[in-house]
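As structure tokens, one chain now follows by itself in the form predicted on its own.
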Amino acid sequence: MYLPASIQVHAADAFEERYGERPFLIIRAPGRVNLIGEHTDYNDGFVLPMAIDRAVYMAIRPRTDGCVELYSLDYQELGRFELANIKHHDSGWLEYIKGTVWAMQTAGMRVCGLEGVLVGDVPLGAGLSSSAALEMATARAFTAVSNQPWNPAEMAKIGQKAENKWVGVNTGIMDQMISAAGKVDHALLIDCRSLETEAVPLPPGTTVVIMDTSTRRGLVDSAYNERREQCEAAAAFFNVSALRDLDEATFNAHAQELDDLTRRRAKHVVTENARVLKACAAMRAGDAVAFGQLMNASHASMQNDFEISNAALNTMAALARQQPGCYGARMTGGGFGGCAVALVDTDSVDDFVTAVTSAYTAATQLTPQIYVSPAQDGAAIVAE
């Protein structure tokens, strides 16, 4: 049986083996699954993610010499840099840490050094925000050792800046925000313009199931940045600061004036924003059927209008919907591979997992990884 606590213990034991004592602090920052609201975040729109029970852990202690030393148990690699001389070198895991610290420094925060080990169990490249989990674990660790306040929204902005300006991926704020501010047993409605949040409970008797297709994509090398540029072009056509400001009626009245590609990209974002708000209303009403229908419509929009799905994701979503007890299923994350997500009747989950695993393997000759995850809290100190 999978136990997240075992990862925390592993981090603590590895720290003691390396440094000869128990860690000063252990930090945990979760990955996330987005239930609905894809590619709306960088359009200042609405998203509905939840933090999952897969996370990045850091076991650390402070240093007073301005140095940072972290050993990645996943990569079996030591990373070092000096706070007074942070330089960009490559695209490895350490760049996310350096970028986050750099963003904290450029925001005027006083940052102290630290050392320790890190380990995570968020699947890499699966669309479950392993990078945001690493950024928020970093931010939580450095605020702790530097005696700085922990402000989830501000730290999410720090992580986004690291991703955009240091790593070079023009992501929105969603991934960092949910990793920083997740709420146990709830999804989190995020207004990506104001960063206001609302905890929204899942419909009673339902469970979120994450289905990893075992196909991978890299956001830097994908068409992610291209999609963002297309959305910005559509916003400029409508003379709005972001597609968040465009309602469906206005879009429909002028859609034919756009070229086909830009029209379809904008259509996805405008309708997806509306679906997020409808999904929240369905969740508050405990209406799993309505929520599932919105998930299905979201997948169709991403497949046909935004064109960020792939054959494996389409197959996984379709197979999930065929199973008894499944209310709806859609791809989740940046697209072009990774995971799908389904809302399933809790009593049907075991049979659902078995059936989907078998059917997907038969259809694709790929072995999926399927995670049943409750919603978790955001980044936190879990031991001191």
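Predicted model only: the values in this text are computed from it and were never measured. Note that residue numbering follows the sequence shown and begins at 1.
There is another form of this protein, the form predicted together with a small molecule, and it is not shown here; the text below is about that form.
Enquirer: Just one of Trp102, Phe306, Tyr224, Trp93 has a heavy atom within 4.5 Å of the small molecule in the predicted bound form. Which one?
Expert: Spelling it out, the residue with a heavy atom inside the cut-off is Trp93.
Enquirer: Looking at Ala162, Leu128, Met177, Leu313, which has any heavy atom no more than 4.5 Å from the small molecule in the predicted bound form?
Expert: Residue within 4.5 Å of the partner: Leu128.
Enquirer: Picking from 239 to 247, 258 to 266, 181 to 189, 131 to 139, which part of the chain touches the small molecule in the predicted bound form when contact means heavy atoms within 4.5 Å?
Expert: Single hit among the candidates: 131 to 139.
Enquirer: How about Gly120 - does it come within 4.5 Å of the small molecule in the predicted bound form, if we only consider non-hydrogen atoms?
Expert: Yes.
Enquirer: With heavy atoms only and a cut-off of 4.5 Å, decide whether Ser72 touches the small molecule in the predicted bound form.
Expert: So Ser72 counts as contacting the small molecule.
Enquirer: Answer for Ala107 alone: is it within 4.5 Å of the small molecule in the predicted bound form, judged on heavy atom distances?
Expert: Residue-level check for Ala107: no, no contact with the small molecule.
Enquirer: Spell out, yes or no, whether the shortest heavy atom distance between Leu124 and the small molecule in the predicted bound form is within 4.5 Å.
Expert: Looking in the predicted bound form, residue contacts with the small molecule include Leu124, since a heavy atom lies within 4.5 Å.
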